[in-house]
Ligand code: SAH
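Shown below, as structure tokens, is a lone chain in the form predicted on its own; questions about how it binds or moves come after it.
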Amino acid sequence: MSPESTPLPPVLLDVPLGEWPSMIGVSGAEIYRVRQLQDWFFQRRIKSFDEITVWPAALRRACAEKLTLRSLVPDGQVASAEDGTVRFTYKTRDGLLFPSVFLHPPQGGDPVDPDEDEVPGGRSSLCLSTQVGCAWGCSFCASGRVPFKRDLTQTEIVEQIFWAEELTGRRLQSILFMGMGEPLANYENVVRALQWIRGSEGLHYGLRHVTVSTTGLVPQIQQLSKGAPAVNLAISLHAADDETRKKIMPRSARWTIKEVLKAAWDYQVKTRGSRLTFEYVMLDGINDSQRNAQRLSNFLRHRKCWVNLIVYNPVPGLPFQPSTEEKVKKFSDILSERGIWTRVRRPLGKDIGAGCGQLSV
């Protein structure tokens, strides 16, 4: 077999936890080695088995021959001069590139998470990707113009957290599945990643600090409430009527707004406490009229939910423009007057192509 065809060793996080003992070759009285590996990997963030100084050299060598701990390689980063947002680019083991975005609003600025507590030194969040490219083709989004290559693995999803904290030197308070790709179209890998992120055997993030975004894949939303770790759900609605949604989100609009909302309400009930947010990008002359605001409020009144109004970040080559400040305010006022918690999201990372809807490779 030639060196070029030699298969790469599996990555640790792609191995189910129950198989770790046999994979590293321990059992019986030595099973505590698995707990040591968990501690050194998740807490100390080792990148090599040689770093586990409490292990005998023979065990370190044996594991290094069978497994690798990291699969991604950082391939560049750029920081916003306006707000401190950092856009990372990673290279996968098969040579593909994809981004993630570190968000650190200034102290006193709008939190990325609408229910986030004040954190000394500011709130830090990671907007991570779940696919290389995106096949969902929302007409206003830069990611929708990037040809879909493949789903990211559970390891590649979780590793974005490790690298973001290492490269910035900051602890992440919130994990947002809002980068490149449709998370629920990569359902199995996203759920496995959530098990590592939320689980006590992994990073142990609390429910309030993990949000999964979706353009409204109804079957997967329904499935998510059956056995997956509970998370906050963010629905990219972006329209108040099905006709407009079909124009700007042609694939996701295969499910009507009423179908999407029913799946969302059911998810909220079944998960007993997850926060439900609706994302609504404000497109001038498309979905920003007072009538649109009234329709949206009719859908959401008397429900426990939040609405994030996102001022559109223009993408070169696309024919959309952001709504005027006056239209955004009036839209927000109508929702608020009808008892719907509403916030206008301040754009972050616009100058480095890291704002909402701007992500491409």
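One-based numbering along the sequence shown. Just so it is clear, the model here is predicted, and its values are computed rather than measured.
One more form of this protein, predicted in complex with the ligand, exists but is not displayed; see below.
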Is residue 46 part of the interface with the ligand in the model of the complex - any heavy atom within 4.5 Å?
no
Would residue 205 show up as a contact with the ligand in the model of the complex if we use heavy atoms at 4.5 Å?
no
With the partner left out of view, is residue 279 within 4.5 angstroms of the ligand in the model of the complex by any non-hydrogen atom?
yes
Under a 4.5 Å heavy atom criterion, is residue 55 part of the interface with the ligand in the model of the complex?
no
Given that the partner is absent here, state which listed stretch (180-188, 163-171, 220-228, 148-156) has heavy atoms within 4.5 Å of the ligand in the model of the complex.
180-188
Taking the ligand in the model of the complex as the reference, which of 311, 26, 64, 334 has a non-hydrogen atom within 4.5 Å?
311
Taking the ligand in the model of the complex, which residues of 202-216 have any heavy atom within 4.5 Å of it?
213, 214, 215
